[in-house]
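Take a look at this one chain, the form predicted alone, written out in structure tokens.
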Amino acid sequence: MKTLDYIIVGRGLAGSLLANELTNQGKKIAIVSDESMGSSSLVAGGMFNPVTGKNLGKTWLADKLFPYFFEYYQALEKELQASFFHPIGVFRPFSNEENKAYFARQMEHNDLYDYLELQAPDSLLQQDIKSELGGLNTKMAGWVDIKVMLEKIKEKLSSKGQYVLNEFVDYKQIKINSERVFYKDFEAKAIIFCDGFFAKNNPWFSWLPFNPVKGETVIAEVENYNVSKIMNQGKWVMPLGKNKVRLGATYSWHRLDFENTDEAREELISKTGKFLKRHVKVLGQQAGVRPSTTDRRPFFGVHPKEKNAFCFNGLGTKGVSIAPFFVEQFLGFLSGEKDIHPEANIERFYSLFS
């Protein structure tokens, strides 16, 4: 029997960042995840944007989360000796004069000048994008190449002698008592479930009110594409370099699987084609199921009965923005030094547990 500090279920964004920080604390862990079943993190666009939606709503806790994760990801790049954090900005081309006037009013009404600025028409941009009226530039926005980051964390964990298991998580083999947690030939003082959408199969946390949503993106080639920012007009075009882009993203609450669909591909090509001037050549397509929640707040905390079973889940569509700050807070919670933000603590749903 191998003795550990923690068993982590799930190697997506949540599980990987937790595993990395616990390793830095000198903890012994095993991280278990069956990647053959699909991973939303590994196919996610990884966008971060402090102001979203047609009404320009500020992202939850943006003033606190965004400065924090900028420093966090930049430090993590140095630690892992990799490049995956791309704060390139998001540009919204105005679709008409009414749209332009509305966004200007919303900027003033919501006091968003720290995050947004109006941009005049740019003749160079107009070669690729229909932006004759200019647009709205979003600062402190961009994307994280989650796949690169997670692979680098996996390499680090393996080099540090941590257990990284790519296998089916058999919940029936997890045994929890008041003192220890047992899984196959591992024994630990606690278990942390970061199992994303697959929490629906988790006997300890399936009672939480998840509202999973499927999303699909398209990887495409656009010849002579010279745009450096993410373009967003309902759907978005993310530059990946060397004339490659990602088109995203769709939302479906019905067909919750990891299969690509013709409908999603056609929707993305059609809607980005309304502002993208150049021809798009489809190279690939990806699908995942986001572990979103009914109140659009994450699920962090301890099981109401089993005090060594923890949940770090429900990051949803804004995972790269939320995760760093709450990883730090969650680690403080594990050590008894910090409380979890009340809007994120699963105590808010303890009444649903039976």
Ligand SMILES: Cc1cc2nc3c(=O)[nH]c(=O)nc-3n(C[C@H](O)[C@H](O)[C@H](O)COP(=O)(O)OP(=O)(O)OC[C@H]3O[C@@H](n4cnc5c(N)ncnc54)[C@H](O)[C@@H]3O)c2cc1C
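All residue numbers refer to positions in the sequence shown, first residue = 1. Just so it is clear, the model here is predicted, and its values are computed rather than measured.
Separately, the form predicted in complex with the named molecule exists; it is not shown, and the next lines address it.
Asker: Would you kindly say which of M47, C311, I29, V51 lies with a heavy atom within 4.5 Å of the named molecule in the model of the complex?
Answerer: Comparing distances to the named molecule in the model of the complex, the residue within 4.5 Å is M47.
Asker: Would you kindly say which of Y163, Y171, Y102, W207 lies with a heavy atom within 4.5 Å of the named molecule in the model of the complex?
Answerer: Result of the distance check: Y171.
Asker: Look at the candidate spot formed by V43, E167 and R290 and say whether the named molecule comes within 4.5 Å of a heavy atom in all three of them in the model of the complex.
Answerer: All three within 4.5 Å in the model of the complex.
Asker: Among 270-278, 94-102, 122-130, 195-203, which stretch has residues whose heavy atoms lie within 4.5 Å of the named molecule in the model of the complex?
Answerer: One stretch meets the cut-off, namely 195-203.
Asker: Is G316 part of the interface with the named molecule in the model of the complex - any heavy atom within 4.5 Å?
Answerer: Yes, G316 is a contact residue.
Asker: Can G215 be called a contact residue for the named molecule in the model of the complex at 4.5 Å between heavy atoms?
Answerer: Yes.
Asker: Taking heavy atoms and a 4.5 Å cut-off, does E328 contact the named molecule in the model of the complex?
Answerer: Judged by the heavy-atom cut-off of 4.5 Å, E328 is well away from the named molecule in the model of the complex.
Asker: Against the named molecule in the model of the complex, would D295 count as a contact residue? Criterion: heavy atoms within 4.5 Å.
Answerer: No, D295 sits far enough from the named molecule in the model of the complex that none of its heavy atoms falls within 4.5 Å.
Asker: Enumerate the residues of 1-30 that have a non-hydrogen atom within 4.5 Å of the named molecule in the model of the complex, in sequence order, or give none.
Answerer: If the 4.5 Å heavy-atom criterion is applied to the named molecule in the model of the complex, 1-30 yields V9, G10, R11, G12, L13, A14, G15.
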